[in-house]
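Only one chain is given next, in structure tokens, and it is the form predicted on its own.
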Amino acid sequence: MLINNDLKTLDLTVGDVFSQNPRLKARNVSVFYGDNKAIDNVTIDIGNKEVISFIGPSGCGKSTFLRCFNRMNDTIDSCAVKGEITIDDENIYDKKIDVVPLRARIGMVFQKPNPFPKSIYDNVAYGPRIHGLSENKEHLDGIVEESLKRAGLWEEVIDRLDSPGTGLSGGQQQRLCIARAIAVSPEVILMDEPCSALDPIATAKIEELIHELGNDYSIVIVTHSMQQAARVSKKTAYFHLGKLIEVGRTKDIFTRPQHHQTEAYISGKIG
């Protein structure tokens, strides 16, 4: 299925870009750094309670596109985003949109764990406090406990909630950052190579967590690991030189890709 006639001139296969129950919609999105076009006319849906992986060679634009979904590219002066991205049919690039509550609705976990220089408790409590989500201390305690439990970290830190979050291991820090993201009850979680700095054991715990969280959240994960994409996601999108080349069910992308560039990447001919 092609999106429109313009895609034929780009020699794209694309595929299943649309979802029956989308939470996020991107329509004809292009991203520029000055005169350089980093993302070229991408259209895709992110389904409700769907885990989708973005894969592709280094520098293909997958992380740049991911950051469009919660306007993280706003922090780069030379960056301009064209096209439309909506959450529940609300244009997130409308001038009336306040990015602070937007980033609560669309949380982000970065490549390198980045806990605040605060206690474990205060790392998780920070979002609910600034967004006014807790009614009192008891309620806030419950939010912190539940978030740490959902991130698979509660049993490991229950006796040291007042200790610095930066004192945890790398894998624990990343799960703390996930707990911090879900503490504000987001609708979507963006993950930018969340396991690239972790060892195999910590990576396995994060992947198990992604499986569990996928029952309640839409999750978009950028990964350099095709094996990880195959393990955690229901859908996979392949990017090349800023273009969305193909998207479909993960099993189909890895076993019978429709585009020659996807096949070349999957088979290791390009990387």
Partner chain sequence: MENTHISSSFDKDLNKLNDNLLKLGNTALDQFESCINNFGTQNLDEIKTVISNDKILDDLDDKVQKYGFEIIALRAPQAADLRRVIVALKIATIFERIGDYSRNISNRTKLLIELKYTDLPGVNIGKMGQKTQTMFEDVLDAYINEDDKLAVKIRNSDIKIDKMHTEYYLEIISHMQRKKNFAPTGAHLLFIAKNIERVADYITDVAEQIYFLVNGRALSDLRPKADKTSLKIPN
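It should be emphasised that the depicted structure is a prediction, and the values quoted were computed from it without experimental measurement. Numbering follows the first chain given and starts at 1.
What comes next is about the form predicted together with the partner chain, which does not appear here.
- Each of Ala204, Glu208 and Gln227 comes within 4.5 Å of the partner chain in the predicted complex, counting any heavy atom.
- Listed stretches are 80-88, 196-204, 141-149, 155-163; the contact stretch with the partner chain in the predicted complex is 196-204, by a heavy atom cutoff of 4.5 Å.
- Contact with the partner chain in the predicted complex, defined as a heavy atom within 4.5 Å, holds for exactly one of Arg231, Arg27, Lys49, Lys37, namely Arg231.
- Using a 4.5 Å cutoff between non-hydrogen atoms, Gln261 does not count as a contact of the partner chain in the predicted complex.
- Looking at Phe254, you'd find a heavy atom of it within 4.5 angstroms of the partner chain in the predicted complex.
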